[in-house]
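A lone chain, given as C-alpha cells: the form predicted alone.
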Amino acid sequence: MNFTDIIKAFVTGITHSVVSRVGAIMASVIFPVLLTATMLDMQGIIHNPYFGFVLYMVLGPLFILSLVLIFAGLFFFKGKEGVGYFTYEYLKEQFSAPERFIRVRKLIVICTALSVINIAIIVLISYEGYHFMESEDFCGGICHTAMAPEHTAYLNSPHSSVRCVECHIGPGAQWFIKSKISGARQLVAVALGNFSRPIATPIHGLRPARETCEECHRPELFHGEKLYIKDKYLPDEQNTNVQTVLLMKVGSGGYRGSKANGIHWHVAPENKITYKHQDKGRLEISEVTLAKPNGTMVDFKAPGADEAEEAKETGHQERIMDCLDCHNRPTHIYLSPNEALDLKLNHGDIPLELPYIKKQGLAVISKDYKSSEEAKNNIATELRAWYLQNYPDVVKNNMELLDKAIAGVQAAYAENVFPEMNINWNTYTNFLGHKNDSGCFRCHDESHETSSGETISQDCDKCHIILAEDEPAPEVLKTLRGSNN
C-alpha cells in the first residue's frame, strides 16, 4: 500500500457514497470562500454586521456539516464497493498485528494531517464566531427592525464604549448559557416576526446590578458633591438659552470609615433597603423596608398597602434595592421632545440663529407619524413651508442654515421615536430624577408612612440644592467661573 493507493481509496470512497459526495461538494465550494472571508474579517476590512452573520452563523456551520457528511459517508453510508482502507474492519485487522502496523503509517499520517487542518479551521471559525456573537454589530445590527431603537439609544448613551455583553452576559458559564438560550429564542421570534413591539425592558432577566455596575462604579468610593448644569432653550424667537444649576449630593456608600451619605446612602452595605411593588414596571411601590445596622427594621407603607396585599389583588413582589432602581436606563436612554431638541441645539446640530426653531421643531416632532420615513419627509416639508411663509429671506439667502436645522430636528426625532416598533416619546420611563411623579417620588412622596407616623421625606435638599433654575446666564456660574461677562 502506497500514498497513491490511499488517495485513490479516499476518492473512491467519496464517489461511492452519496452522503460523502454531497459533503465533498459543499466543502469544495465553501472552503475557499470561508477562508478568504475569515481573513478579510480578521483584518477588519469589511464592516457589515450581515457579513459576519453569514460568515460565522451560516458558512461556518455549513463547512463543519460538510466535513461530518464526508466522514459519515465513508464509514456508515458506503456504496456497494465500500472503502477498504477506511473501514473499521480493515483498521482493526491492521492494528491487531504489530508487524503490519508499518503498512498503515501513511494512512495515519494523512488522516492526522487532515484532522489537524480541519480542527484548526473549526477552532478559528469558532473563536471568531464567539467574538462576533458578543459584538455590538451582532447584538444591535443583525435584528435591525427589532433592535434598532435599543442600538440607536445605546450609541448615543454615556455607556456607548461598553460592550453589550458586559451588562447582558458578563463572566461565568451560568449567565453565558442563559443569555444564549434566551438569544436563540429571540432570534426565532425575529425570524418569524412575532416579537413584541415595543421590546419590553428586560428588568427581570438582567444580571444583578451589583455584579455589573459595580465592576466600574464603586459607591463606597463616591464622595462629595457634583455641580450639574442643565441647558434648556425657550420656544421664543431667539431660542433663548436658560440654565439650571444644581449641586448634586452624590455622597457615598461609606468612604474610608465615614458614614454613608447623600444619594448613594441608599446602596450602602449597612443600609439594606427592600421594597414591594405592585406592577412589573416597579412604578407602584406599596411598602419600603429599611434594615438598620443595629438590626432594627423600619417599614414604610403606602395607603391601602395592607388591604391590597391581604386581598392578593396584585401579587406584590419584593426586591432588594440596587443601582437599577434609580438608574433603570443607564444605557438605552430615550429623551423627551424638549430634551432631544435642547441637546441638538446645545451641540450645534440645530443652529440657534434660526428664529423660532425650538418652537417649530417641537411642533413637528410632537406629531404622530405612521413610519420613520413619513416623519422625516413631513418634518422637512413643514419646516420649509413655515419658514418660507414667515421668514422668506432665510429660505432665499440662507438655505444651508435651514437645511442644517431640518437635519438636526429629524435626528432628534429619529434617535428617540420608532413608529415601526410602537415606540413614541413616552414609551419608556426613566427613573432617574422625578419626572411626572416617577423616579424618586415612587418612594419619596410623604405618603409612605410607618406605624409611628414617620414618612419618607420629599425634601429636595436631601439630594440636591438648586443654585439657579431656568435662568439666562446665571449669576452663580459667573461667580464660580470668575467671570463678570
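Worth saying up front: this structure is predicted, and the values here are computed from it rather than measured. Quick note: we count residues from 1 along the sequence shown, nothing fancier.
The same protein has a further form, the form predicted in complex with heme C (HEC), not shown here; the description that follows concerns it.
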| query | finding |
| --- | --- |
| Heme C (HEC) contact at S286 in the predicted complex, heavy atom, 4.5 Å | no |
| S457: touches heme C (HEC) in the predicted complex, heavy atom cutoff 4.5 angstroms | yes |
| Contact test in the predicted complex: E475 vs heme C (HEC), heavy atoms, 4.5 Å | no |
| is_contact(T331, heme C (HEC)) in the predicted complex, heavy atom dist at most 4.5 Å | yes |
| Answer range among 58-66, 412-420, 27-35, 429-437 for contact with heme C (HEC), defined in the predicted complex as heavy atoms within 4.5 Å | 429-437 |
| Listed residue that, although heme C (HEC) is not shown, lies within 4.5 Å of it in the predicted complex (heavy atoms), from L352, L247, I263, L402 | I263 |
| Contact residue in the predicted complex, from Y387, Y275, F132, Y233 (heavy atom within 4.5 Å of heme C (HEC)) | Y275 |
| Contacts with heme C (HEC) in the predicted complex - residues in 217-242 whose heavy atoms fall within 4.5 Å | H217, P219, F222, K226, Y228, K230, K232 |
